[in-house]
Every structure is written in structure tokens, then in C-alpha cells.
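Before any questions on how it binds or moves, here is one chain, the form predicted on its own, in C-alpha cells.
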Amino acid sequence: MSERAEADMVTVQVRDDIAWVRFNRPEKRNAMSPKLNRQMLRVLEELEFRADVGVLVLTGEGSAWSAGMDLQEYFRDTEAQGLEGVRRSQREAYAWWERLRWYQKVTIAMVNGWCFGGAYGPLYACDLAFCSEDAQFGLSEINWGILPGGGATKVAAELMPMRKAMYHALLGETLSGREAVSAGLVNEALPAQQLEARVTEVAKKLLKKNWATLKATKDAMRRVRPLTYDEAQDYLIRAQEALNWHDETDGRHRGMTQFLDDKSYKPGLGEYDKSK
């Protein structure tokens, strides 16, 4: 099969306020290439502030989520271009992973198959992650003479307990979907035929929440991780103050009114009614 055009490397479908973004190189197990990376950044930029997109789901066409970096295109071909080619290809990948990590909308990784090496970058960048039970996760870099770079080592160390992360990186063995849950890489593993329905269910729950609060909360969860308790407390106080002024829907006061005055909902059991 001839190589796909750059614009065809990613497919997008928006329905019911959910953007379904799919890696579209199934013949290469959705391995990331310079073309795919450039197109992903374009797609993310186009969707980020669309009014009809509240949640973004990232998944893959075919039998894989992403097999990581395309060894031929990302490593061999770019190295042949010298340091300039290497740096350019790195920036093209890391740019959209960073954009995804701080995205304006909540993001969900729907891992429908292989997730290897460089794919840990966008996996970590997504706010939530769900996978099929037969998905395969792996850092295979040790098996061909490099370390898990591009942030992959950081992802393992960040999400997994130290001993599990060390074993995972040093042995290069794969984890099943269920094992990935136990390791902390994903939230849940489900039978493949139930995966999309569960992700849709979670996305619909998120769509009922206050958008500004979702954005502030997901940013806070990432920001406070490297901070001391006192530093985190100070950051969260300031972040809440900023949210109170930034939220144009005044969700905080509407929620309190519905709870304290109208007695129409309980915060511990659900969200306030955004339509009132």
C-alpha cells in the first residue's frame, strides 16, 4: 500500500459534543511518523476551541492504538538528515503531546490495541485512559539497544510504582490491559466490544460538568504533583480564586444556590443543573 497523504494520517468525527480522533495508519499499527505528528497538531488546534466539542477521545484505527515511533521514518530517515532532522522530528512529536497535556477540553485515551514506546507520551498526556482487556502495553526499547526516551521513562516512573516501573523498563516485557490497570497506566480495562460504550458513558458524564471547573481541576492535578504540600496548597488557593473570576457561567454560585436554597441536588451525588 502506498503511503497515506499527510492529511489522511488522522481521522476526526464529532458527534454529540464528543470528538473522536483516530490515528489512521492501521497498516503500520498506527506508528507515529513526522507526517502523523504534524497532522495531529493541526487537528488538536482545530478542535480545541470548537463550541461543539466538550470531550476529545483519542484512539486508533484497526488493531492498534499506536505501536510507538515508526523506526524507519522517525529514527533512521531523520538521523540521515543530521542533527537538524532529528531535532525537527522530535519537536513535531513533542509539540502535540504537550498541547494535549494542557488541552482546553478533557481528553480520554481509548486504547484499543498495541500501545508501545513513544505512544506512552500521548497516553500520559490524556486526562483519562481506558483500554481493551486484550490491549498490549510495552517499553520494548531495551530490546533493541536504546532507553525509553521521548518522555516514556518519565511516564512509567510517574504512573507506576517504582519496582514495577523498573521491571517494565528493564525487561521489555508486555502488559495486558488488566495488568496495565494494576500498574496504574490506565483507569479501566474492558472487553473490546464494551470499550467504546464505556468511554462514551464517561464522556457524557463529563459533558454535564462545569467546563471551566473541569479545565482548572485537570490542570491542578498535573501542577501539584511535583510540589510540596505547602506549595500545592498555595497554588490551589490561587487557582480557585482565579476560577471564581474566570468562570463566566458563575457555576460556583449557581451550584450553591441549587444546593443550599433550592434543595434540588446534592454535590456528593452528582453535578448541578447547568440549564438553570
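Quick note: we count residues from 1 along the sequence shown, nothing fancier. This one's a predicted model, so the numbers in the text were calculated from it and none came from an experiment.
Just so it is clear, the following notes concern the form predicted in complex with a small molecule, a form of the same protein that is not shown.
- Proximity of residue 177 to the small molecule in the model of the complex falls outside the 4.5 Å heavy atom cutoff.
- Although the partner is absent from this view, residue 29 contacts the small molecule in the model of the complex, with a non-hydrogen atom inside 4.5 angstroms.
- In the model of the complex, no heavy atom of residue 121 sits within 4.5 Å of the small molecule.
- Put simply, residue 140 is close to the small molecule in the model of the complex: some heavy atom of it is within 4.5 Å.
- Of the candidate stretches 202-210, 181-189, 141-149, 160-168, only 141-149 contains residues with a heavy atom within 4.5 Å of the small molecule in the model of the complex.
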